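The structure tokens that follow cover one protein chain in two forms, given apart as structure 1 and structure 2.
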Structure 1
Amino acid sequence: MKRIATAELGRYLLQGRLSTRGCLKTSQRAVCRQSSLQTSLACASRSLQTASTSQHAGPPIAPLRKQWRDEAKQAKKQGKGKAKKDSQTVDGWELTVGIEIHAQLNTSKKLFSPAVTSFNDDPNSHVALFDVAMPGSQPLFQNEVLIPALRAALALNCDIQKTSRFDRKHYFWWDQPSGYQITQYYESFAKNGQITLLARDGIAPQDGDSVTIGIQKVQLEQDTAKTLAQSDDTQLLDFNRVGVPLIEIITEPQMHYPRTAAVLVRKIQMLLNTVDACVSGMETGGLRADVNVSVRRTGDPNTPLGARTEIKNLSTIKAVEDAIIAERDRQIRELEAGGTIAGETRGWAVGSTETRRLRGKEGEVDYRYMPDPDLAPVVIGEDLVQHLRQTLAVSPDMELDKLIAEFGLTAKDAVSLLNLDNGARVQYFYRVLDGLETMLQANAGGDDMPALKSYAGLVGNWTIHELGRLTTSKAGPFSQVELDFTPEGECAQVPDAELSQLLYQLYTKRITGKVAKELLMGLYLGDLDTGILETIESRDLWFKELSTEEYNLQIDAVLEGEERVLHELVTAGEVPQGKVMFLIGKMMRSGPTERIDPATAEQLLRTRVSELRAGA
């Protein structure tokens, strides 16, 4: 059989056009011989070019892709388009979620030994005798650990307990040398807190404008050693992490939507960072979440909660939502098939679609909790609590309100600014804003300053979006994984003073947006031998804007040949914004782009349109 050319096969598959020679034509004739008189006439007409308008020939066959597009448009018109699946709910079922968050405290010493907390030093270089359960060693509670722990509890609106005690939680694993973990199971240092999540935080739409989640308790406990897996199935242990102080935040089981649960973890992470209680976020291993998931049928409020499973060690915000959805769906499938849900501990791998069983769920009896006989109760004075309450940092919600109301940022940008780089990006924003404001004040002299929102929004946009683009593929092979920010908001790659200078020149229309973006990229890549201002001067990058007469000539040029658009602009009840922007875009493409300010061009074009409408 002769090989069919790709182009010929494509015409057949995508356009319905049959070849006039070769196997395809032969097969046509075979079909024609077996058909009726009408089909024979159709075959005959095909031989005389089937595109003929003969009444015996059927309508021309539309290309396959066009058929698909037409069918999709028709389905959309009839409301039959495929609806996006709502992953937050399942009809007939109610989800219930509780979360346990483990966060490493920002302290220089471990919980029960004077060894230094270390995360970047050589393995097993900061280990005290008690950390490895050396016989005869005793725990020594480090008082300084209480300060960040209390700040975290106060930020979560908890009641601080005057007296709390430590207990032993017994289990054997290679990362726990003593065979038990010291925690606060019976009498924790903080209880009865709450946290409110707002719609702007990104909660599920079903939760409305806000939802308040109760915090059952916050307790102190030890971290375990770090396991380092090797390629030959060997497991190495780094005891630098064992004994590092943690707080465990246990919520009430009051969440019913996966997205809301993920938002809770993100907001608690932001809270802990704001009050300087936590070392780092989930992305660097400083915070981990365990979620407890159960489902029950809706319709009967007296139906008890279903058996719960626990998913351990979730390390990203997205993993929290994805793991809850996967486990909820697994439990529903099991129950609808007539099975039961076993209380067990399950695991989750990033990128997977199913949770996996790790082990049976341990209970209180399995852990054999008992008071630690080597540790005295912790007594917290009211004066310390009041001092920390009064000096607590501004809450993220208050700062969000300020960024939105005073600085004019959108809710989405404000949330991003607070979450990026563990809060360092918002400090960078303030530094850049202060620098720009100083330059504007010097330039204004005795005149009025421009409105704060007019330039704060510009700073916010560049701090979030333009800096974010630097680390994408647009920077080519020189792009870095991320920008480095100090907790104070300093950035070595793009110093805040240089970005302030850049935005000052842009805001005062001395350079164009295109030039500003190119200068930012050059600054990031280290291509600028001098500062922003010196580079603009040495390369003569100043914006030389068109005069009014030159703008009007450009407007005349873009209106030429656009009679239909001009007619709509003159006769419409309101000037169509889309048509105006179409003409502005045409002007930017055809004119000297580096000398055109879109805002000025739009203003003069609208003036011309108003004159034409008045004379019509």
Structure 2
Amino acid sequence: MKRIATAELGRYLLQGRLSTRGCLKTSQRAVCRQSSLQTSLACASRSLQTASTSQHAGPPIAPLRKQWRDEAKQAKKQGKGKAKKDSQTVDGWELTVGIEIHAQLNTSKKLFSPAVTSFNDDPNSHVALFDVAMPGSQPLFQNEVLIPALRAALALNCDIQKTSRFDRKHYFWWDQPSGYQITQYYESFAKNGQITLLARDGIAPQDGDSVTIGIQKVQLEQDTAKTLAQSDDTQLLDFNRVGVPLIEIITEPQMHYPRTAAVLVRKIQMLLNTVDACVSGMETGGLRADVNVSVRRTGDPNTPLGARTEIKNLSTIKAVEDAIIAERDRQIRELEAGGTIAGETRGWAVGSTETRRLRGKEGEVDYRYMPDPDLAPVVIGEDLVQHLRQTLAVSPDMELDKLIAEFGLTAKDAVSLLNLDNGARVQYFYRVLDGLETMLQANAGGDDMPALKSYAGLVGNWTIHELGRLTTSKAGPFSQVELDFTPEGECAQVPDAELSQLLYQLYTKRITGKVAKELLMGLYLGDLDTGILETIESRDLWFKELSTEEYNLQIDAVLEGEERVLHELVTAGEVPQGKVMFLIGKMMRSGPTERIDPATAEQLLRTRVSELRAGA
């Protein structure tokens, strides 16, 4: 590429003025401009050199870089905001979403037979006579199912019904041997619950701070068999899963934004996992969501809800949001073109842009619900409900509230901490915090302990960000080791006791942050033969801070030759932060870095500046 004259380049970059002459003419001129180019280059380099010493105009590059960065930030902010608004709402239309969640209960036996529940065991190895509808077999309700079922209903704030009954839902399919599914259509065991979604859970911004969704009912039902489709048009069936207890959670149609609906599914999944009701998630197929979508025009709130379609086979949280958006857009397109929405069942495949029709209204199945005569009503004792209510696990919301209010973590940090490693990382956090607290207590003796929030924040930061950085850092081929956490919060690679020790030394300023990070890396890679304390001792990594006189000497050295900066610091109305930081940086670079604490240095520098300002 042809070299462009520096002056022309400068004119373009700084003032946005392009040469109006054609390139041909420019190339002609280039030949005779060679000599002038050299002189202009020499001029430019000289100007750059003087710029660092004279603070008048400063080098032309710095404010330009700042300008670019500001523009990029502005564009990003505008761009992002626009995209969110486009997908969550459509002008003139209101979306209504209701969700049905099917989740496998955490039991050892099935719902109506004493066969064992399993995951990925040998096919057809856990099948009772009733599971395959062998003529003459009878259902036998397994009481064990009530423990996780009641916990799930209590976690969703439902009213537990003393007596509930089972009904048959008839349809024929090869994964349902008896020709009907036993469910609780008329009288479910729990109803009228609710769940509250907060802004920190990630709901659509149009929903504000929080939104409460009603739960219409929670009912027990059976699962179906696992089908493996073969290429030659046959299906292989594994009946291990038939009869496994499921709960179906049906929400009220009170959601109006796709993001909120997706967050609801995720939050319910987490809630059920916490109370030990349903421990296999969406990825393993233990939790499935069916979504009902309808649209109507905004304006009169009394207009009836539009015809709804049902979307089945949603296997991830993102699919829930994407499918709702696609279906809403399809329905709006249909209605605006003058058509009507048929009440049909549609499917969604990951990566597609539109839902596809599975079953139309003509083929709508009449399930012919009828009470199951073989099963007695389930009568739940009040004492059992009370006991489970009292011993219900602490909810994730309460845990988050405590992490934010008492431990001082940010909402974003607290949420990511809870979600990392399936809840094991937060247990690790509590262990490290406990260890640190013990050490600080021993150190304080009779004096006051430092504020919980001050060191809890440090622990949180290191547990979330520094540990996360370990697995993603480029520390060489040996850094491929993962971080393994047990559900109790023990880590093999970075034991919590060692991290407590490290953070204790860091918090009490006996080692610097840089040293601490290196020690953590060493600990993770297994390079440290002995513990943290011994390593610090043996390699003498203690932070030997400069004394106040030595600091002042450093300040003197830094201020030497910086008349311009000094003049600005003294005369300016308010002490400019940037200049102070510049001097600190210079001190760190020129002086003994490992012995300087930036905070202390800044404090002393400001004291010096205020002295000079008072004197001047």
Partner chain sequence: MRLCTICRLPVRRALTQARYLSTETPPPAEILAKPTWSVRSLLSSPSNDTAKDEKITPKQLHHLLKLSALPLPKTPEEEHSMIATLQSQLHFVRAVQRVDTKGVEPLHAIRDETDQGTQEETITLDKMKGLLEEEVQVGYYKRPKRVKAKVESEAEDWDALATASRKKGRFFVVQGKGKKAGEAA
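For clarity, every value in this text was computed on a predicted model and none was experimentally measured. In this text, rigid core is short for the largest set of C-alphas that superpose within 1.5 Å between two forms. One-based numbering along structure 1's sequence throughout.
Peer 1: Among the two displayed forms of the chain, which is the form predicted alone?
Peer 2: Of the two, structure 1 is the form predicted alone.
Peer 1: Would you say residue 166 moves between structure 1 and structure 2, meaning its CA shifts by 2 Å or more once the core is fitted?
Peer 2: It does not, since the residue 166 C-alpha is displaced less than 2 Å between structure 1 and structure 2 after the core fit.
Peer 1: I want to check residue 502: does it shift between structure 1 and structure 2 by 2 Å or more at the Cα, with the core superposed?
Peer 2: Yes, shifts by 2 Å or more.
Peer 1: Taking the rigid core as reference, does residue 185 move its C-alpha 2 Å or further between structure 1 and structure 2?
Peer 2: No; residue 185 is a residue whose C-alpha shifts by less than 2 Å between structure 1 and structure 2 when the cores are overlaid.
Peer 1: Superpose on the rigid core and then read off how far the CA of residue 577 has moved between structure 1 and structure 2, in Å.
Peer 2: Its C-alpha position differs by 6.5 Å.
Peer 1: To one decimal place, what C-alpha displacement in Å is found for residue 233 between structure 1 and structure 2 with the rigid core superposed?
Peer 2: Comparing between structure 1 and structure 2 after core fitting, residue 233 shifts 3.0 Å at its C-alpha.
Peer 1: Superpose on the rigid core and then read off how far the CA of residue 537 has moved between structure 1 and structure 2, in Å.
Peer 2: Core-aligned C-alpha shift comes out at 10.0 Å.
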